[in-house]
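There is one chain below, alone, in structure tokens, taken in the form predicted alone.
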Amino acid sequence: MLGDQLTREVGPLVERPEERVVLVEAREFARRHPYHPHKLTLVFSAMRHFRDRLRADGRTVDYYTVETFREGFEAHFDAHPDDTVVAMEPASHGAAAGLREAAQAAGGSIDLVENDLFLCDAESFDDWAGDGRLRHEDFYRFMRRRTGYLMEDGDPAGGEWNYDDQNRETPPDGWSPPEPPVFEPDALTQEVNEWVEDEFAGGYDEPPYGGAWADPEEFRWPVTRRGACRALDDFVTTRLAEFGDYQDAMLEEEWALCHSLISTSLHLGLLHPREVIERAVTAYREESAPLHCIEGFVRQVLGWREFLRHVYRREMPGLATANQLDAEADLPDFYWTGDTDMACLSDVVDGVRQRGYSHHIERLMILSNFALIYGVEPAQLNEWFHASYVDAFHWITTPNVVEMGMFGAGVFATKPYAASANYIDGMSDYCSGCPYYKTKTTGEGACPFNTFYWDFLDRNEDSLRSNHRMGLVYNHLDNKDDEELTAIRERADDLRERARESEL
């Protein structure tokens, strides 16, 4: 069983109740990137807790702590030469081939079966997709019909498929969300956390990420099935009813707002998407939360998560290095350090440094948006996300970052999600306390989001002007005279130089 397939609900573990279980804790994976220590603690602690839970249930578990999967397989096949290992197909590209090669090199074999931790299998997705363009909204409706979730007599509950227009509110003055749950580390998790800091801290010493994870908050994420179920229950009972309204909002003093905070548990296999969705649908039937909040959440799990899994499967390996806008800039160091005067970026990066987390709009409209308009090479931003977030696995991060955030391939994104300070000001409270002026595009003190936004449109005009969704913004660009465009270009060049000198 792999470290992101820790389920006792589906798969070979359930289907073969008498067989021994093999878990390989391969440290080589943890050395590939300068991972946030909370991410490594999450995975390794969850694996060790899963091992102990299986043993407490009477299962035989062979747990190998090694450097590589090959070493783990060698140890296992030396002890059990007649075994055939059965595992669910990994979600990450190349992982299946890597497992087969490692098993074969160790003198054994591995049989990979369907991954039951998703709701849509590859054949069903490919039949739905055909040869047409991949469109998430169409897939989401396909999955609603296929599963029957939020459907009534063949029609969508409430008469609409999508209530996104009701999910863009900003909280009123004086509003405060429920406190997010904290899962206090037990002795095993504390032991893992200390070991992670000792074993892997050397990977954080080199620039540009030297000191990036020097002083995070105490680890707070669930690492067991019981904890994951508590996290789901906490969301549904305390935050689901306001999740939809404020899911796109950003507040400096509120990092969690009403978000579910269960992505780590879903991606590790501790929760199954089916039970997560059904719990939300039950809330609809019991009228404990409004439909637009429930539909918005179901869309994320049933639609977006499943959709991205198959986009990744079909478009790799090219998706990881896709760069249709030919962006070449290096990722600014402040993504690692948080050392910038931009209030929004400083706060969001600081939250990632502390917790390995920020919610989806901060990821898309602050972190990815700035990298997009600045001109960062998409693969560099993707690597940063993969290393920095506790819930970042390659199969979910790559299409979210490279395609959705950076408009890298044009597989399903129909336009770049580029925005100026106007959007950020409308959806957050960051601009009121920022030393940059949200209303200025040029001159000293002008908001970098404004400058880079118009510079982005200007320098990518040949690629983007013909995009039917970009016509209005290019009409606005046409209204700028040569003098203003020159000032924008000069200001952008100056800001890039400041960013390279860590003075932005």
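Start at 1 with the first residue shown and count on from there. What you see is a predicted model; the values in this text were computed from it and never measured.
There is another form of the same protein, the form predicted in complex with a small molecule; it is not shown, and what comes next is about it.
Proximity to the small molecule in the predicted bound form, defined as a heavy atom within 4.5 Å, singles out one entry of F125, W304, F183, F334, which is W304. With the partner omitted from this view, the residue of L266, V311, A231, I373 that lies near the small molecule in the predicted bound form is L266 [heavy atom within 4.5 Å].
Residues Q5, L13 and R53 are none of them found to lie within 4.5 Å of the small molecule in the predicted bound form, as judged by heavy atom distances. The candidate stretches are 98 to 106, 318 to 326, 254 to 262, 277 to 285, and the one lying within 4.5 Å of the small molecule in the predicted bound form by heavy atoms is 254 to 262. Within 4.5 Å of some heavy atom of the small molecule in the predicted bound form lies at least one heavy atom of F385. Proximity of T189 to the small molecule in the predicted bound form: non-hydrogen atoms within 4.5 Å are absent; the residue sits far from the partner. By the criterion of a heavy atom within 4.5 Å, H360 is counted among the residues contacting the small molecule in the predicted bound form. Contact check for V352: no non-hydrogen atom falls within 4.5 Å of the small molecule in the predicted bound form.
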